[in-house]
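Below sits a lone chain in structure tokens, taken as the form predicted alone.
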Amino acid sequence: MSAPLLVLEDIRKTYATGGGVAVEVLRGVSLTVEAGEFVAIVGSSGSGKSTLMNILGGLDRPTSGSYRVGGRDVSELEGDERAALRRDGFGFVFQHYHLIPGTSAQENVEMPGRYAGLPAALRESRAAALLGRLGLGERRHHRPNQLSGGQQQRVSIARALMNGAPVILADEPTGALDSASGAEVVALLRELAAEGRTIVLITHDRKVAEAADRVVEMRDGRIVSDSATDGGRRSRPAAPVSAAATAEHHTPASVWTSAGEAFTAALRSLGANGFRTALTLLGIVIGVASVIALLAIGEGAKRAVMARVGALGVNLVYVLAGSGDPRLPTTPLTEADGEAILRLPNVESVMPYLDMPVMVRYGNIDHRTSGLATSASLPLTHRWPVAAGSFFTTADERAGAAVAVLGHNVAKRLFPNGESPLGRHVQVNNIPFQVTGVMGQKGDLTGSQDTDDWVFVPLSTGVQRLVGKPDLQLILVSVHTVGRIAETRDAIGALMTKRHGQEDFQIRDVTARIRTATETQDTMTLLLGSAAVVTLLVGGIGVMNIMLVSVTERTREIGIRMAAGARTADIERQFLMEAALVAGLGGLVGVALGLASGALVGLFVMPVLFTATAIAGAVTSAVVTGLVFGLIPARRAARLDPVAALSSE
């Protein structure tokens, strides 16, 4: 004879009450069930029969005693191994059906197959066949609340058969049904027993128990009678169903398949609570929108400042007259100083700088502005092209020619009707100058002076006709190689100290300005980004709170999934997927909102610059935030006790 399928020896189960009192529910139960038997365990409420069924199905553990399934000691099995035992070895039929609301009859029946790794097509066809066999083929797309009690119980039976489990555990399957529906369910169990499945029926109704081939009576946590040993009937199936018959299909689903199933379940769950999901999304939406908009504003401001500073020329060195200390005597800068600097290595050009206030007139239009007496090297030094005509030449400088080049705004002011200024004579401090060119538009480079509002004249002409003395405010030096600008700056300092006999000048370069501006803008961007990240974290806390509420509300659903064979990783994956999905959807909506709000700021307030890195980073951060803050609820769900979860209201 083959070994018994289910063997319990001296099983005891003790629960500790809230007051610390130990209550012994099972008191030394020993029971053997052969493969293919139809056994009814009957007893009144509180006799321990449901606790015994939970132990038989691997939902609960005995306090002491031995339980073996097919010769394997169940006490040696841990979390996922016990889940595999429930998935492949047992099908559960509960008194209150325990169907997952919001999902169709077909989806409820398919659920054990999902956790067993059955291909989708096989799951669908098998579920449809089972429902058709039980008379529900036309109602397989109905949800539980659209089915009668008897129909829901038949769906529960179909689910128990989904993975071809050799053992069906039915706990009061007729308890919530009328007599006609109850008789149908009992008849179905008889059919399954006739096919060779092992049926363990838990009931308090002796009439229902009479349908079994063997009746075991429990009272006060003990077996008080067993028809198998008392001369009663005992089933002798010709070909009992074994787990090996369906084991070929029962391999855990791949990570990608499980993720896809979890994604589908997450969508369904979130859709069932649309308003709450929208409120949860709100925190993530605001956080992501803030990240994108604030970083775009910060990056736009940074680029604007860098453009302004960069327009001055990153290859420039400024030699300024005066040490900055009023107590020290000052030797003026001269054109000869510039000529000496021009002979140094790495120096590309030298531009003397002598400005003065001037009144410019053409016809009856007067305009007060600034004049700049400089050299013909200005377009090269400043990388500043002439828009019309030409800049004055070195020959003009040597000759002290009365020629001028107008800034963009000066030309527009003096010639408002679009007349070309080239070749015209304008009065500069009542001295006529012929216009040879108009500079390209440059903008406000310094933040305090609009360079497009200048009038440019040769240095010699400015000294002789407009200022009267050759003292320069500064000498602007451009270098060939920016990487050697520090070396060139030191060489200029040494030369000027030697020429003046003291350090009565100052030397600066644009790289220091750029570095300072960059550091300042990076700090501002970091502060803006930090503020946005805080908002995103607040949204993540909201996700965690909602997910914790969801776990509490769906505790029974979690228990149902565990009974169907869901592993710890399956439960964790589903709730993590829901959290990531909420955060991801919120991230996408937040991207749209951030782009729109940033565009409005850029349109009406200040320049903004969106970057793909910031957008991708914001969405990724949202999903990661959802995963991080969803981890605690997911782990709480995965670590629920199956029995406690199933019994929750």
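Sequential numbering from 1, following the sequence displayed. Just so you know, these numbers come straight off a predicted model, no measurement behind them.
The form predicted in complex with a small molecule exists for this protein as well; it is not shown, and the discussion that follows is about that form.
**Partner contact for Val25 in the predicted complex: the small molecule, 4.5 angstroms, heavy atom** = Contact with the small molecule, yes.
**Message:** Is it the case that Thr51, even though its partner is missing from this view, gets within 4.5 Å of the small molecule in the predicted complex, heavy atoms only?
**Reply:** Contact check for Thr51: yes, within 4.5 Å of the small molecule in the predicted complex.
**Prompt:** Does Gly46 reach the small molecule in the predicted complex if we count a contact as any heavy atom within 4.5 Å?
**Reply:** Yes - in the predicted complex, heavy atoms of Gly46 and the small molecule come within 4.5 Å of each other.
**Message:** Looking at heavy atoms inside 4.5 Å, which stretch does the small molecule contact in the predicted complex, given the options 618 to 626, 65 to 73, 597 to 605, 38 to 46?
**Reply:** Stretch with heavy atoms near the partner: 38 to 46.
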